[in-house]
Structure formats: C-alpha cells, structure tokens
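This document starts with one chain, in the form predicted alone, laid out as structure tokens.
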C-alpha cells in the first residue's frame, strides 16, 4: 500500500485518517491512500517566499542551471525506482518512458539552455539596447528579474513526472520557488520523484513543496508576484482562473487544457507514397500511446475525400495489431487511469457517435475486464462541416475521428474548427501545401508539426512537446504557454524597462554599454584569464593607413574585385561611395591585426562575431584605429569561458567606421 506524503514547510506530512483511497485501473484493488492532511497553506506560501525565494535569487542563472543538471542526473540514476511503480498508473513501460525519461531530459535541456543562453548573473537582458537620445547619454534596456513570490503548479494525471519536471525546470531556473500539486490518482508516482529531489540535497530549503490532496484556500493566499500554472480540463481552468483573489491581484495564470488536435494528410499524398504510411503509423501511435490520454493526441484525422476509404481501412488494420493488457507485461496498450476516466471517455465517445459512424471498436480487440481498460475507437464523420461534437468534445482516451476535406483551404478550416489546439500536424511532401496550411492555421495552434519522407527519420512525433519549443495554444487549449527554452523561464520573471545613462545600464545588466566608462590596464587583455578580465576593460590601438595597394592586393588575393573597390568611375557613380573604397572584410582583417596580441596566452579561440555593421566607407589614404572593450563574460565550463568584446573601428576624423561583437574562448585560470 503506497502512502504518498505531502512536503510542506520542510516537513513530510503523512495522509490523514480520512485520506482518499486510490484504486488500481488494472485490477480495481486499492493501491494507495492519499491526501486528507491539514496543511497550513499560508505558512507554505510564507516558507516559499521568505526561505526558498531568497536562496534561489542569491544564485546566478548559471548556478541554478548547474543545480538543475545535477538534479536531472540524480533522477536519471534512480529512474528504475519510478518505473517500478509506473504500471500502477495504467501506463506501459514505453508510456512511462515519455513521462519519466521525458521529464528528466526536459530538465537537462532547460539546464543547458540556462548555461548557454542566459548570463552568469542575476539580470536577464531582454532584447537590444534602445538609444533614447541623440548623443547616447540616455538609453533604454528591457531586463527580466525573478518574481519574488511563489509558483503554484497544478498538474494533470496523465504525466505525473514529466508534468512536474517540465514546469519546475524553468521555474527554478528563473529563481522562483514552487508548490507542486499533482492529480491525486497518480500522485504516488509524482511523490516518488519529488522525494528523490529532496533526498538529493541539491535544492535550497523552501525551493519546492508538495501538496497531496486538495489545495484548500491556497489560491486565496496568492498575490501579484505569484504564478499559477495549470494543466487539466477547461472547466477546472475556468473555475481556478476566475477565483476573485486571482483576478483582484492580477496573479499570473497559465493554462494548458482541453485540445482537439488535428492531423492533416496532404492532398499530394496517395497510398503508394512514404507519407501515407507515415500518416497511418502516426495516427495509430497517437491513439494508443498512454491509451490516448495525452493532451497532444490526435482527435481529428483530416484527409482528402478521395482517400477516406483508404485511410479508414489502413488505420483500422494497423490499430487491430494493438494488444491491450496488463501494463506491467508486454501489452502495447495499458489501461485508462481509472474507472471514472473510462466512464467519461465512453460517454463522450457516444456523443461523437451521434454524428459519426464507428468503423472500429471493441469487437476487434481482446479487452481485459479491468476497470480502466478500453479499446481504440475509430469514427468516420461524413459531414465535417455540419458536425459539432467532433469539433467540440474531447474524449480523453484512444478515440479519434476521420474527417474528409475537399481542398487544402477546407482542410485548414476544419483544423481550425477546434477553436484552439496545442498541436496540429501535416503530412505532405509539397512545401506549397505546407505554406498554405501554416498561413491559414498557425493562428489557431500552438505548434505546427510538418513532416515528410525527408524528415521522418529524425522527426520527434506529432504528440511530443519539446523543451526547445513552446507548448501551449490559443482558445480552448488555454491560451497559455510553457517551455520554449528561455521563453518558458521568462514566464516566471518580470520584464522591466530600465532607462538611464550608459554607466547605469552597465551596472544593472553586467554588460558593457557603448558610452560607459572604460578602463585600460598595463597588460593586454588577451594576456589575462577569464577570471581576471573586467567588464569595460579596453585597449585603444594605434592607427593604420589604408592604401590603394592594400585594397588591390586584397581584391586579387581573395577574388573580391567588386567594382566599388576597383573602378573609380563606377564607384563614384554609386550613391554610397565617394570613389574606390576598402573592402569591409579588409577592414575587419586590419582591425584584428591592430588589436590581437600574438603571444600564447589565455585566449584559446575566436568562435565568431555578431551584429557586424558598417557606418562609413574608408577611402585610400584614410587611417583607422580600434577600440576593443570587454562587453560580456559567460563561463562555459570549469576550465574556460566566453568573452564577448565590443569592437569599434574609427576613422582618423573621429567618425565610427564599423562595429561588431567578437566572441573568444578564454581559459579560466593560467
């Protein structure tokens, strides 16, 4: 008998005497007792905001990213303990891989994004610098800083591990503590993973707490710095988001809810093409993986009216190969999560059947008698324009409906009839069809998954949210957004517009801003280690004259004999040039020759340049010099880091010629 505990105010709290029994969806026997504990939600919020929040915010983004990576590796080493009880949720081991390994991988990816794309500091710079004055003494910069409240994560039953980790990773990376509330039916798997995180000792006190059971008056305790992230039904989302306290305090509310996702078979696809087989395989997989209990599963299969018979026959035959049984065994499909979920699915499937013909049902399968077992159900709707239920009712199980379309525009309109989905997919080998569908449908879907014979080998699947890409959708999908790399982190941060002088912005952002103070030392910065280099450290080079011989030699050496460099008369006719001018890349080469220190030292490699722009042409006889300034530092490993240098070339008359950002890898120590 499993007894998942809550974790509040740093203490484990066992289920109360009136705890709810959790029954096995496979056998109907009681497998766990959960909830009923009398939790002090006000104290939990205070513990998170007074203890967990300050500890997390004291860490830099990189320190938090390293913490997440270490946590993911800790879970990876112990994941078999989670797989050992995964089948009690009704899920097969393959299903559990999406949940358990998928959650761990998601945390790893978000940690990596934090190290690569966020600064090793406390302030995230959002977007480019805005020059608000003519001389550049008054500037604007958007920044993002962690919210100073708590994130409340209310998760669904279908992904007890992934659902927790995919929300926790960006929240903790942002520097915000979290209170996790899993769905009770599968909370024992969430609690097992959560317990590992606490036992790891990697998280600061108060960084995470766990509620097993109801949330009581928790939402009434939240304020303007708090966030609620919800996954579940549209009805529950509506109830939560309209809580008077949530509305009164403008508490951020993100929702990922019901979604009638669609998959479109392109008009170019016929049964003799690889795309047809891919489409059938994908549709069958999305109906049966997790027994169809995925918020991204395909509910509407939209196909050319000329192919509807072929699709119905091929998909039915593939689905018939599905074995249904004990998820602890070798069955391809396990059970729904509970008997009540089975009742709900059957009721909604019956409503879909009111305007559709069932082409595959229980008669084609050997369905066990357990309380959660149900067979794949495939329907065919002859009038997709007149139908309502297939576009409005989601049977959250192995249920899908085939809909015929006349042309690509009609297919897009049918996909959009779901009024907002997490994902729509398109299988086509014709890029023009892909463009037409994207233009017509992107506004109604959080993600468009487009695949063909060329990408199918590496494609990740219609129903797989990736941590790199946004997960969410408009309309009935909830209007929320999660993941998407750093985008997901920013949901737990406040974007603020900072206005001030260059020195002020440099001090706040930790990045040198043009016009801010510069320092010059006795040692060339290329001879200083990553640890020693200071933001704003600068060298000003001696000037170099650019001669006509230099220009001609560069032209013939590189093969770049563009007329502006070689033909005086043609160059003068060009409105941008006074006559023959130096190549831009010649100027970059001269700049490097002016600022590079050639001796061996901490600088390991030049890894690229960003934002190159040319402001003024350089004519033969002009002289140029360079200002090289340490702009930004990002530690990459324990042995080296990336230094971004602001490189500005000046004309001898004092005008700026060119500017770019140079990236170098520099040893941390000698």
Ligand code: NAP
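Bear in mind the structure is a predicted one, so any value in this text is a computation, not a measurement. Residue numbers count along the first chain shown, from 1.
Just so you know, the form predicted together with this ligand exists too; it's not on screen, but the next bit is about it.
- Heavy atoms within 4.5 Å of this ligand in the predicted complex are found in exactly one of 403 to 411, 105 to 113, 179 to 187, 434 to 442, that being 179 to 187.
- By the 4.5 Å heavy atom rule, the three marked residues 169, 226 and 250 all fail to count as contacting this ligand in the predicted complex.
- Checked against this ligand in the predicted complex, the candidates 123, 295, 587, 345 yield a single residue with a heavy atom inside 4.5 Å, and that residue is 295.
- For the candidate set 537, 258, 191, 95, a heavy atom within 4.5 Å of this ligand in the predicted complex is found for exactly one residue, namely 258.
- Of the heavy atoms in residue 99, none are within 4.5 Å of this ligand in the predicted complex.
- Using a 4.5 angstroms limit between non-hydrogen atoms, residue 291 is distant from this ligand in the predicted complex.
- At a distance threshold of 4.5 angstroms between non-hydrogen atoms, residue 232 is in contact with this ligand in the predicted complex.
- This ligand is not shown here, but in the predicted complex it comes within 4.5 Å of a heavy atom of residue 156.
- Looking at 394 to 412, the residues that come within 4.5 Å of this ligand in the predicted complex, counting any heavy atom, are 394, 396.
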